[in-house]
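We begin with a single chain expressed as structure tokens, specifically the form predicted alone.
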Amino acid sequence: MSQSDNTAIPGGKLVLVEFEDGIAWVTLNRPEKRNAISPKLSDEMLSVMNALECDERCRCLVITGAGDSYSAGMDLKEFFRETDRLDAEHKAAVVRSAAEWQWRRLMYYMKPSIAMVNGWCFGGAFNSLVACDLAIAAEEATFGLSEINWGIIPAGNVLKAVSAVMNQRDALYYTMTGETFDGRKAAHMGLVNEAVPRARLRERTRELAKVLISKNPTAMRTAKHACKRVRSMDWEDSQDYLFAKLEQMQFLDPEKGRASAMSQFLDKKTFRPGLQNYERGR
């Protein structure tokens, strides 16, 4: 059943949601704190993600930040100093909530996701940046792993995220020096897919989101999850896993995309793979 236009929009305070032609623009909304991640923001973000995963108005998730920042990372006062006095059990609950939306859920979200890095992106913000399937940055954006300057290390799986997409020399350089870099450098190192002038950032992100939305949703979900999972498998396990997922899709795909595409290519001669999508709905 389709969602009506007056269906409640999740979030509303620390996380804003805007729907546009299948795109859910999700904005971290603490501009006065450079969208630093607090325990309350984490709780609200997790609720938003849970709601959007089943919301038909969201066919592609875009995460960005209000104002001139994507996110400055974890809020040092609310996430660290104020939790230092908590007992181990309550502190672990706060950490779990932040980790849950930043990478556990986001890494294998049911819908395609894009990080739109509009500005300042530091520390803990790298988790959601990397966990999103794709990332577009403003050329003018500023990135940094500044933890070394505070006498600490990038924890909370930030280093795991960075090492998953950047080569070791680049990851070590910016971890050890704490130096900043811009969107162009982030794209060159593979931290984001591409960098564009900030004036064109939303337009380019919209273009990419529309490409993702145009694909078969079951194939999209399976392909992106498989691409991430096979990285840690050996070749034999990967082949077995991928064949199993391919067969599973034939039962799960309501569009029957494989059969439709094969028929359009072999029988009707109307489909040119690599140049277009098969005609969905047939």
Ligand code: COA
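Keep in mind that what you see is a predicted model, and the values were worked out from it rather than measured. Start at 1 with the first residue shown and count on from there.
Although not depicted, the form predicted together with the ligand is the subject of the following passage.
- Residue in contact with the ligand in the predicted complex (any heavy atom within 4.5 Å), chosen from 170, 147, 139, 100: 147.
- The contact with the ligand in the predicted complex, taken as any heavy atom within 4.5 Å, belongs to 32 out of 32, 56, 240, 247.
- By the criterion of a heavy atom within 4.5 Å, residue 74 is counted among the residues contacting the ligand in the predicted complex.
- The shortest heavy atom separation between residue 183 and the ligand in the predicted complex exceeds 4.5 Å.
- The shortest heavy atom separation between residue 123 and the ligand in the predicted complex is within 4.5 Å.
- A residue is said to contact a partner when one of its heavy atoms sits within 4.5 Å of a partner heavy atom; residue 36 meets this definition for the ligand in the predicted complex.
- Only one listed stretch (108 to 116, 128 to 136, 147 to 155, 200 to 208) carries heavy atoms within 4.5 Å of the ligand in the predicted complex, and that stretch is 147 to 155.
- Shown without its partner, the chain has no residue in segment 210 to 226 with a non-hydrogen atom within 4.5 angstroms of the ligand in the predicted complex.
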